[in-house]
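Shown here is one chain on its own, the form predicted on its own, set out as structure tokens.
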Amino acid sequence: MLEAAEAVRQLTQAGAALAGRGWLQGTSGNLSATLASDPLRLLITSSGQNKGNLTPQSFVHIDEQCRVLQGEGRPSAEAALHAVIVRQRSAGSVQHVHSPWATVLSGFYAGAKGITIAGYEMLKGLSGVTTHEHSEWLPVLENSQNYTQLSAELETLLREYPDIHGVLLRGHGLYTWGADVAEAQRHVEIIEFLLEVAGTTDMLRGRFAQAQ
């Protein structure tokens, strides 16, 4: 597990990189790293932070119940989702971003409960995937302000689909994770690329159908 100072450094770099891609507009999103697993201790961005300009004071240490153990401010209510993912996936980092494509496609595919993405070379950027023939299922959960209920639904989903690399919240954004901060950031980049390709393909198919 990471020491707190190193976790701050890595998450600060990740936040700047992801914000630079337009995926963490304003104060949206949240980033975490696991400091200890038993008992669970997370370092997570506190609520209201600009993720492109983080400092050591932008983070709080929390326990499994999302109680602040150290630091100023308070964690987002979404910290409960980070805790669920870390427990279920033994993740070293969880990263949540709000991109246009994740927001749009999470609504478009909500009725299907998710989107399947297959046949792209970039899928090999996901941990454990070794061929472009891989088919990645990206589930969509209904968004809710009841984070106790949403956490339970996410936990059930992660148990049902042990091989997925991310989850979309409808009209909200992407959650993904990794063994460490670098892997979680890579998964954000790969999944966001795949979402943009899928969305663009859907648009072009619609235009071609109209032209015909």
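Numbering starts at 1 and follows the sequence shown. Owing to the predicted nature of the structure, the values given are computational and were not obtained by experimental measurement.
Although not depicted, the form predicted together with another copy of the chain is the subject of the following passage.
The closest heavy atom approach of residue 41 to another copy of the chain in the predicted complex falls outside 4.5 Å. Residue 119 belongs to the set of residues with a heavy atom inside 4.5 Å of another copy of the chain in the predicted complex. Proximity of residue 61 to another copy of the chain in the predicted complex: non-hydrogen atoms within 4.5 Å are absent; the residue sits far from the partner. Contact check for residue 130: a non-hydrogen atom falls within 4.5 Å of another copy of the chain in the predicted complex. Per the 4.5 Å heavy atom criterion, another copy of the chain in the predicted complex is contacted by stretch 181-189, the sole one of 181-189, 65-73, 151-159, 32-40. Of all the residues from 19-36, those having a non-hydrogen atom no more than 4.5 Å from another copy of the chain in the predicted complex are 19, 20, 21, 22, 23, 25, 26, 27, 28.
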